[in-house]
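Shown here is one chain on its own, the form predicted on its own, set out as structure tokens.
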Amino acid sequence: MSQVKQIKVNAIKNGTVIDHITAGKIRKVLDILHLEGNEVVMVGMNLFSNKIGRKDIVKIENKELSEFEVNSIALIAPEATLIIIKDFEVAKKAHLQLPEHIEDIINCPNPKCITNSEPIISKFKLTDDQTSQVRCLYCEKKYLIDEVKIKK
């Protein structure tokens, strides 16, 4: 008889869990979170998931994400689930979605775009949620989300 061993990650008392991140994207998510080294952070990479096959997960104790962080993570992991934990209980759970309008989160890759030479807030519109394609509202060029750089 074979015995299945499973490694469990400790629950957090208060904080945020970002689950169902597409496997391989956790580093980009961690870059967005601006963790300073004094937070308790648990990271799981390339874990089995019934929902998406392979996933990454991050648990951050005593941190709630800003709107900017949530919207930025939604761009690179739109299938992720955001869970707020309070006193070891799920206080809020939401599935992230690609925002239809993206403002001041990503830089336009077009070097001739006015947003790269003038102090203008970048604005993009989601044009295809299946391929995660966005269009810059200033230069009209279209890019896949993986082609744009998220501001820090």
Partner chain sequence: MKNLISMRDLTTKEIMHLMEVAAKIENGDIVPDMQRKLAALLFFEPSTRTMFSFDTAMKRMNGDTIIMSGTKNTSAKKGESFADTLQTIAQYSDIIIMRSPIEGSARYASEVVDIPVVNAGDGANQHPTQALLDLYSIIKTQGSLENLSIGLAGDLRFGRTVHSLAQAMAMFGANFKFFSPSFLQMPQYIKDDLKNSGIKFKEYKDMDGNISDLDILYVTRIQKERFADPEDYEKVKGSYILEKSMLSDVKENFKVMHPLPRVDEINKDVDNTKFAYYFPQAKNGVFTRQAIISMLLGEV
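In this text, all values refer to a predicted model and were calculated from it rather than measured experimentally. Positions refer to the first chain, counted from 1.
The same protein also exists as the form predicted together with its partner chain; that form is not shown, yet it is the one meant from here on.
In plain terms, the part of the chain that comes close to its partner chain in the predicted bound form, with a heavy atom within 4.5 Å, is 116-124 out of 116-124, 82-90, 30-38, 47-55.
A single residue from the set 20, 13, 135, 25 has any heavy atom within 4.5 angstroms of its partner chain in the predicted bound form; that residue is 135.
Interface residue remark: residue 95 is not counted as part of the site for its partner chain in the predicted bound form, having no heavy atom within 4.5 Å. When contacts are judged by a 4.5 Å heavy atom cut-off, residue 112 counts as touching its partner chain in the predicted bound form.
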